[in-house]
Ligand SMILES: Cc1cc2nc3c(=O)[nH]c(=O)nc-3n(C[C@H](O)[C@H](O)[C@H](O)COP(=O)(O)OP(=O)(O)OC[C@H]3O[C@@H](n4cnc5c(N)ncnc54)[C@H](O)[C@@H]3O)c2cc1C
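Okay, so here's just one chain, in structure tokens, the form predicted alone.
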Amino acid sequence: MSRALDRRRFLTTTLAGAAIVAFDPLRGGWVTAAQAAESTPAGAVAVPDLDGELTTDPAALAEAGDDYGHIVRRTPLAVLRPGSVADVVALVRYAARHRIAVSVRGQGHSTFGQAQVGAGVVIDSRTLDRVHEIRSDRATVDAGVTWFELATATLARGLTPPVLTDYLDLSVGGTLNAGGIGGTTQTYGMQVDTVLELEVVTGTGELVRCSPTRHRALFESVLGSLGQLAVVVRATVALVPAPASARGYSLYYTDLDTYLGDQRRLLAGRRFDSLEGQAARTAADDGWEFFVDSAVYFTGDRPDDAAVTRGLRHDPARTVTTDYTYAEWIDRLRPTVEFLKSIGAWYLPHPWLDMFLPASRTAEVVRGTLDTLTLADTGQGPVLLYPFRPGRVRPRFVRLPEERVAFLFSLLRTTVPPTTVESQLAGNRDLYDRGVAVGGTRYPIGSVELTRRDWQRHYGRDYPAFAAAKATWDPRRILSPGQGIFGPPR
């Protein structure tokens, strides 16, 4: 042993027998306090001092081995519930030294095992949950803080993050690893574009504060890098004044081309502060209709509906307007989520697929998909379809179509028997291949299995730079193996 085992410290922070006190490199496993009390294997290396806990508790392992998709399951060897950023530093250094894979799990909302690691440690970032500071233009928070918690804190001061995902119970660190898209991406880019500063732990265990003016290369590489280069432990994100109210508009269409044309017109004219949209089966289930899901933000007088919708080609007889407070608007999915949980649908498999399509080929891909897509194929999950400007998104490793306008096209599937996960995954792969063939890219939170060649095609001409960044900041390749981009630890 490199130092004496402090058994009492571990036993007072977790269940007896579940706390880890050492790693046995010969058998590639952990030594718990209960095991060490009987006999410590020769060559076992004591774990570092921790403020939190490193545990093999079965419930913790089971949770970390699953996610919202409920499709891929990889049970880790241990879970770290960090009590401080120092715990993350110590664990990553330890893991790099002993070639132990590490992944970070926030709210576990990915759908295909992206945050899982079967032969290593999952860092549960939910214990890093402090909002450290709120100023007039920025907030500094731990990676485990959810966007709902951050928005609640900032709204109390009349401020808001400029970009919010539709579902707010996602961790800040989690969406900054992926990108973070929402209705205001048309104006501000993705959530990664609102970051002013990061604190990260690289794959070598170095704690680095980085920004556009400090360790710029690392800052620009980590955002949207899928956890491959460093663990985000703290972020400073921009804030803007929050409006008091939002007027929501649902504008319905029966024709795809007309809908896409009006969506592009709305994007160009910046008529709505939040711009999204969906495709949905008709009430008779005999085809598809489309609707713009948007809002105008205001404080004071309500917007003029006629002016807002003038010149559009939607069906005026089916226009639906709804008034919200701004807080209600950004959290408008919560009642639906609670209902899905109450009937058990939230806990079914969710083989989602999110694609970014170049605007010039969107109609072709969407029409080809919807022609054969049924309610059973989606499990009545929503189909998102709305435009944004790729040029607003700056981080290099967030891959987007190379056109001025792109559309998010998402099949948010739920597996409802007799439909099978396998059939939905096959449908995802077909859509992925067709999307990539026309210049589309994948938002890597969904459920489609990619080969090493697929990942190289995903990053395209930037793949050598991404591989070089991996070699620089995570040379042992211990971080986030669940995406399958690089090989195992070395």
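Please read all numbers here as calculations on a predicted model, not as lab measurements. Position 1 is the first residue in the sequence shown; the rest follow in order.
Keep in mind that the form predicted in complex with the ligand is missing from the display, and what follows is about it.
For the ligand in the model of the complex, the listed stretch (267 to 275, 148 to 156, 362 to 370, 110 to 118) containing residues with heavy atoms inside 4.5 Å is 110 to 118. Contact check for Thr55, Pro82 and Val92: none of the three has a heavy atom within 4.5 Å of the ligand in the model of the complex.
At a distance threshold of 4.5 angstroms between non-hydrogen atoms, Asp166 is in contact with the ligand in the model of the complex. Remark: Tyr249 does not count among the residues lining the ligand in the model of the complex, judged by a heavy atom distance of 4.5 Å or less. Mapping the unseen interface onto this chain, Ala96 falls outside it, with no heavy atom inside 4.5 Å of the ligand in the model of the complex.
The closest non-hydrogen atom of Tyr459 lies beyond 4.5 Å of the ligand in the model of the complex. Between the ligand and the residues Leu198, Leu357, Leu385, Ala230, the one pair within 4.5 Å by heavy atoms in the model of the complex involves Ala230.
Listed residues Pro161, Pro351, Gly174, Gly203 were compared with the ligand in the model of the complex; Gly174 is the one with a heavy atom within 4.5 Å. Residues of 197 to 224 include none with a non-hydrogen atom no more than 4.5 angstroms from the ligand in the model of the complex.
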